[in-house]
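Quick heads-up: it's one chain on its own, the form predicted on its own, in structure tokens.
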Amino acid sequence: MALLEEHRRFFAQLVVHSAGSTDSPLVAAFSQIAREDFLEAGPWWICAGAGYLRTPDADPRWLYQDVLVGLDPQNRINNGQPSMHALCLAAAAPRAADRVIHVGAGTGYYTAILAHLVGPKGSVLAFERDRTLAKKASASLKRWPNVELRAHSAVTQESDGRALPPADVIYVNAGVAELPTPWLDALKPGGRLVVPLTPDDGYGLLLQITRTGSGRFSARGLGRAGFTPCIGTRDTCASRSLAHALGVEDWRVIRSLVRGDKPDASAWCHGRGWWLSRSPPED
């Protein structure tokens, strides 16, 4: 047990430092949340190139590497890469007592990390529409009373019609082409949305959006990444606009998100009712 805890502590330092952060609460969260508790019993399938390799046995120390672990290898559904999540979590910056919405909870591993970061005075509302993954997440997250799991879409609210509550952080773990209006509306002033913006084919862009005031949003790219598509957010025109922008211009020029139907000359890419702009948010 002591050796496993040492592996977990080193793993936490490795993935957080690899993401360019030294945030001690984030290191503590990765250190204290057991990855194996959110997976089926080992041995496990580890993503390797175009396929998977099976761990030699069920020793959980195999999991404390910066690797993707297959949740549903046949459909290429994985427990996300820790260093990429560390990068996104550092950008989302969940703080004690924050209210968080987690879209695409999977089996709940990163939900538990979010719950640890916001503490008992904070809360995490998690969504997972895949019933098999949601069932596993529900069982694994019982130890976190500050987590509510809803086994349906965060886009359509298809099962109960409830609006999203105001949030300090919205953390999205599925690729969108269109940014759902309810997500932007739910952000409190100062609230952070971290979301993968992805075209229909190929890698997309990890994006951080911060609400700076009523109707104003700063935006910045965090890096390239690929994600399982978020059902209900795919749009051919938005996908083409994003793919074109990624092909012709550096994403580091993005400065803000503007809401409206008519993109101006500053637009880097656009969707329905919004565009990413090269200009900073207006005062």
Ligand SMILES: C[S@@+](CC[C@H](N)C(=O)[O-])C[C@H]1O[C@@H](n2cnc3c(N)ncnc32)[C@H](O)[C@@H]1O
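Note that this is a predicted model, so its numbers are computed, not measured. Numbering starts at 1 and follows the sequence shown.
Form predicted together with the named molecule: not shown, discussed below.
The named molecule is not shown here, but in the predicted complex it comes within 4.5 Å of a heavy atom of N79. Although the partner is absent from this view, L71 contacts the named molecule in the predicted complex, with a non-hydrogen atom inside 4.5 angstroms. The closest heavy atom approach of A34 to the named molecule in the predicted complex falls outside 4.5 Å. Proximity of V194 to the named molecule in the predicted complex: non-hydrogen atoms within 4.5 Å are absent; the residue sits far from the partner. Note on the partner interface in the predicted complex: the residue among V147, V103, I113, L89 having a heavy atom within 4.5 angstroms of the named molecule is V103. Residue in contact with the named molecule in the predicted complex (any heavy atom within 4.5 Å), chosen from S123, Q208, S140, N173: N173. With the named molecule omitted here, the record of contacts in the predicted complex names 173 to 181 of 90 to 98, 115 to 123, 173 to 181, 198 to 206, defined by a heavy atom within 4.5 Å. Residues are counted as partner-facing when one of their heavy atoms sits within 4.5 Å of the named molecule in the predicted complex; in 106 to 139 these are G106, Y110, F127, E128, R129, D130, L133, in sequence order.
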